[in-house]
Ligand code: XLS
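A single chain, nothing else alongside it, follows as structure tokens in the form predicted alone.
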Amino acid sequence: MSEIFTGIPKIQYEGPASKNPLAFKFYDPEKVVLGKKMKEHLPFAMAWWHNLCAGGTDMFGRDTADKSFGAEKGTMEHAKAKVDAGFEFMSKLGIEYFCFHDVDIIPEADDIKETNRRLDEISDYILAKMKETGIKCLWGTANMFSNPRFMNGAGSSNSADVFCFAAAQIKKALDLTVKFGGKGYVFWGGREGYETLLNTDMKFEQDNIARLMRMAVDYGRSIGFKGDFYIEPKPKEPMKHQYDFDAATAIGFLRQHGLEKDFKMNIEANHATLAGHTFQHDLRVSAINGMLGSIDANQGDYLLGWDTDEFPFDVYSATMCMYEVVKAGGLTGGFNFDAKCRRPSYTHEDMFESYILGMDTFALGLMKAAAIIEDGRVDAFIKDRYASYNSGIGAKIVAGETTLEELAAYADTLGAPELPGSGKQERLEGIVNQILFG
């Protein structure tokens, strides 16, 4: 097989002083941070759809980037060329995982039987590349939002026929995920929501989504899938009101329908900010509920109200992310770059430089998060802030050994309680800045 990305070498770590755009400045895979190699903290994955498929089309203009990789688009030859390109790309960057939707890896046919035949053909080709390179599958999923049949959702569709078609796609995508040895399977309800309640039975739609997820779990376990199922929360776009608005909403949904034992969260930074949260917020919500599973590593533009899927460069956000991940004991999944080059960044070299940016950003975030943890001042302040619950009436509250009557009687002895201690937000933010930039 001829080289596709000619002139681009295997990307090496050269350190912070390097001026080489095709080198890592902070991502050193063998560097040990808090007792683990950096590559173990940061299992990076390539997103098949953006990296190998997205050409820069937006609502105002056509593709700027050539993602044909030397083959005619819409053919199985092109599907195989994308496999060749993807595995060369990952090998040159040292990325050990990929993620995929079913129709990313083949051109979808009009007949599902032909689509599945094509999936069987290309999955054999991918599997051979996996064995050759040692690259693994992080997670798989099914695209149930692009085709017009899914205009009203998949599990939430008003059409039983569309629901069945969605089930068929999930079944095949699970087959492929198991074939590839994938660690997870993701539900991103791209159109699982509604535009107006005037034509919507919300309870029926949510119950139907849960039915579809439950059937997927049952089938996945029956064919030997032992990994986690994930929900990827998103508040809006393309639907005005999406049912998996944020981590808290998705976790509540899972518990309501008895799915919490099989599912975790796949948190995307850009989706969290669209929900009006920080990336750190949705990570913390997932972690404290024991459901932090995997991460889509990107960022949005705060000046724009849609999902821009930019490559992450905000070191502060990456630091706060890695602080949450490390404190939670790591991920069961990994860091998938659900990100795309900006439309004017259309060359093959731009693809590599974008991933270098993302990988370096999270490597720097990891090192700075480790420094915050090792410094200890933030954690010590938080511990001290709640010290009143370590003894006396506070300890009884935590232990569940008191009553409302006893607390009321205790409050009567206080007169007016003192103000709680200062939150020292500015001091703590100064500590973080000192660690990041000092």
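Residue numbers here begin at 1 and follow the sequence given. Since this is a predicted model, take the numbers as computed values, not measurements.
Below, we refer to the form predicted together with this ligand, which is not included among the displayed structures.
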Inset, instruction - Verify the contact flag for residue 139: yes if a non-hydrogen atom of it lies within 4.5 Å of a non-hydrogen atom of this ligand in the predicted bound form, no if not. - result: yes
Inset, instruction - Answer with yes or no whether residue 49 is in contact with this ligand in the predicted bound form, where contact means some heavy atom within 4.5 Å. - result: yes
Inset, instruction - Flag residue 145 as yes or no: does it have a non-hydrogen atom within 4.5 angstroms of any non-hydrogen atom of this ligand in the predicted bound form? - result: yes
Legend entry - Partner proximity in the predicted bound form: residue 338 to this ligand, non-hydrogen atom cutoff 4.5 Å: yes
Inset, instruction - May I ask you to choose, among 102, 282, 296, 192, the residue with a heavy atom within 4.5 Å of this ligand in the predicted bound form? - result: 296
Legend entry - Partner-contacting position among 205, 307, 175, 353 - heavy atom within 4.5 Å of this ligand in the predicted bound form: 307
Legend entry - Proximity to this ligand in the predicted bound form (heavy atom, within 4.5 Å), stretch among 230-238, 75-83, 146-154, 318-326: 230-238
Legend entry - this ligand in the predicted bound form - contacting residues of 266-284, heavy atom within 4.5 Å: 268, 271
